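Next comes just one chain, in structure tokens: the form predicted on its own.
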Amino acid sequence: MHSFGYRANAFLTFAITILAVICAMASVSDYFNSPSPTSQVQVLNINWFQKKPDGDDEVSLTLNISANLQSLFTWNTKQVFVFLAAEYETPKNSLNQVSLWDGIIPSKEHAQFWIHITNKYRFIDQGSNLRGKNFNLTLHWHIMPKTGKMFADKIVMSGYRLPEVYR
């Protein structure tokens, strides 16, 4: 006969092994989900476009952001972190990213939204590189699962341009 300690050890080892297998299966099941999120961003107004005293360019935008991210949610999704970034090129850097807005979507019910905002974070370029610059608005998201690894993706929306002169 085996002692109580031996039996408890065998039971706990078996239970933890089964739990690990279930977590692995849950994590793998997310690979079969093919989300199809949609997003649209409108630049309604350039509130100001100025050169700061230190020589940096600063822009304030009024935006309409609409998105349907419900397809990102599965039974394994805890929450989704979303942010809107302005992306552009300068002679020094092939990619500059400036975060304009962010948010946390806690559930599928909140994943379809429309917001009217002025950029939450300052759109500043270190230098005078923004005049007449073409830029993309990119909606990035990070899916935080209950178990398994995080997934990240984005939607790039192009065709935006800043004015040639400060206002």
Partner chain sequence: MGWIEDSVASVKSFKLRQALHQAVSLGMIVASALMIWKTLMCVTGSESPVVVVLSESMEPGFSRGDILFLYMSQDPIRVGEIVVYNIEGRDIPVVHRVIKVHERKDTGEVDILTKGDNNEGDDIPLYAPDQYWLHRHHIMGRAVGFLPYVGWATIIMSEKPVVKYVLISALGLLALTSND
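The structure presented is a predicted model; accordingly, all values stated were derived computationally and were not measured. Numbering follows the first chain given and starts at 1.
What comes next is about the form predicted together with its partner chain, which is not displayed.
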Are Q79, F83 and N96 jointly within 4.5 Å of its partner chain in the predicted bound form, each by at least one heavy atom?
yes
Out of 35-43, 60-68, 108-116, 121-129, where are the residues with a heavy atom within 4.5 Å of its partner chain in the predicted bound form?
121-129
Are any of the heavy atoms in Y6 no more than 4.5 Å from a heavy atom of its partner chain in the predicted bound form?
yes
Partner proximity in the predicted bound form: T17 to its partner chain, non-hydrogen atom cutoff 4.5 Å:
no
Should A10 be counted as a contact of its partner chain in the predicted bound form, where contact means heavy atoms within 4.5 Å?
no
Should T147 be classed as touching its partner chain in the predicted bound form when contacts are defined as heavy atoms within 4.5 Å?
yes
Across 13-31, the residues having a non-hydrogen atom within 4.5 Å of its partner chain in the predicted bound form turn out to be C23
